[in-house]
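The form predicted on its own is given below as one chain in structure tokens.
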């Protein structure tokens, strides 16, 4: 009697024939620990031999792939050192040439290897490709590597060194499928497989790695796209059901005099959109069930004021509010603005950020513990173990996309079923919002405060800087203020910061010596940042040179000009956020995007779109298309499963189908107890519930 095999997610990769302990250690470093991890290391592309051109059919200037046998590997020293690798495919010869990293590439290629070269074809004493992409197809001439469709895998240099380039991966994946096919468990019920004519899981793994045809590749990918989206939407559906289950929450019914007095102090009235959103929030607060609401609104639409009024309702009902922001400067801006607005009212506000002196931090923590603070504004410091709330009733998270779901959960756990309001000024395309925030109710502030002037956005190259500086000089001389923004990117922070400092000195001494300038960046102390911002707000500083620390939260109505240097280094949504620093008063405002003369096509499209529109939602849609869902703001940050197969831009139909199926299933069976859902329940608990600790299936 055969011994039942463990499922593939419990079999260590080292037991696959051809792996062993040494290779397993390197595979572990790239996230491959089990047989399932190995099978989920899917090809990055395929070579379909039926569509590959023979060498004698090539044309100059075309982009193509050729496959042949290496007949010569030679380093040429004169007139310029280069590597030439010549291949033959029975119809002719082609030479691939490398001028850089000659010795490195010379070690990769060996005579008699079968290789694929991809690139632009040229002709110089014969067919030629310069610096082509390449793949070693095989070294052994096994039938495994010489079929019509060849999968090609991403590999790192250490893996290539131990024989795990594409041909090596094909061999060990083939061995894994041969030995462990019976251990591949199905994780979708029969009724869903039938409904969409999806391949069974085991067959899908075979077809994705060793396909019979490109149509079968497509069907395998479709099956795995649906699978991962179904379980992602199931996670959302279960959380949605949990929030709407008869869980007792905090009732906040008092709302009155304090809010009216605070609003009377404002120099403007709430917009219709703000009032509508506040009605939705208040209905949640007094319902007796925990509120879970996402508040979307474009830059400058007044989300922070809505959040403050919500916190005042909590305070009037005797509860504390935790307000978490992604950066210290944004937390400080919120704190200073709210503190000033509430001056004279019986509402105690505190700031808790990591850079506070230890004694000051301990004092704030003590005040929170003793219920001496109504509203505490902070960063990740709020979720530290030492922070204990006496009576937490409301959690507000600003710029939600910068926090993970687990961080949100950690803050929520500091109270007993507190209400939750998450906010974002990065407009989220509908598809992404449904996928990432499908568990939350959504409110949108779709109206800007009255009197806001549209911001005129122009794109110029560096050649025009003198004219731009003259324009700024004239406006500042008339009493306006300006921002000049320099990029600060994490990987090159020291270089970028040095560049910003040097640019500041150049601007102060040589360009604008008649004006008062200041430099703002993340490495200044809290006191220094606060001092600079206070001086800029008061008009004492006329031009603020800054890194992207002013991206969100800074509100200076008299600032009318924003100059962004090296705008090509920013994403669309970030540029739109930065643009929101101006246009906050009644004067006409300008955003000037400056780039080098030569920029790539994606950057060019960003600049052109920003010139055309100020609509944040339209910009977000385009940003998602340009960058893809993985980069839009990093789904990994949300604590959600990685999407290996699905694309949130291209796979909207599959997303909608998976969402419908998951939500319908949970509506009929919220605890996944029906016999036909046992398989889903087992897989979900194993893969998601324990890992993410987001839902409880009792």
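Residue numbers count along the first chain shown, from 1. A quick note: this is a predicted structure, and the numbers were derived from the prediction, not measured.
Beyond the structure shown, there is the form predicted together with adenosine-5'-diphosphate, which is absent from this document and is the topic of what follows.
Between the options 326, 614, 168, 302, which residue brings a heavy atom to within 4.5 Å of adenosine-5'-diphosphate in the model of the complex? Selected option: 302.
Which pick from 128, 379, 526, 271 sits with a heavy atom within 4.5 Å of adenosine-5'-diphosphate in the model of the complex? Selected residue: 271.
Within 4.5 Å, heavy atoms only, one stretch in 193-201, 342-350, 71-79, 292-300 touches adenosine-5'-diphosphate in the model of the complex. Which? Result for this chain: 292-300.
Evaluate residue 249 for contact with adenosine-5'-diphosphate in the model of the complex, applying a 4.5 angstroms cut-off between non-hydrogen atoms, and reply yes or no. Result no; residue 249 lies far from adenosine-5'-diphosphate in the model of the complex.
For residue 186, is any heavy atom within 4.5 Å of adenosine-5'-diphosphate in the model of the complex, or not? No, residue 186 stays farther than 4.5 Å from adenosine-5'-diphosphate in the model of the complex.
Touches adenosine-5'-diphosphate in the model of the complex: residue 92 (any heavy atom, 4.5 Å): Taking the distances in the model of the complex, the answer for residue 92 is no, it never comes within 4.5 Å of adenosine-5'-diphosphate.
Decide whether residue 256 counts as a contact residue for adenosine-5'-diphosphate in the model of the complex under a heavy atom distance cut-off of 4.5 Å. Flag for residue 256 set to no.
Can you tell me which residues in 570-596 come within 4.5 angstroms of adenosine-5'-diphosphate in the model of the complex, by heavy atoms? Residue within 4.5 Å: 584, and no other.
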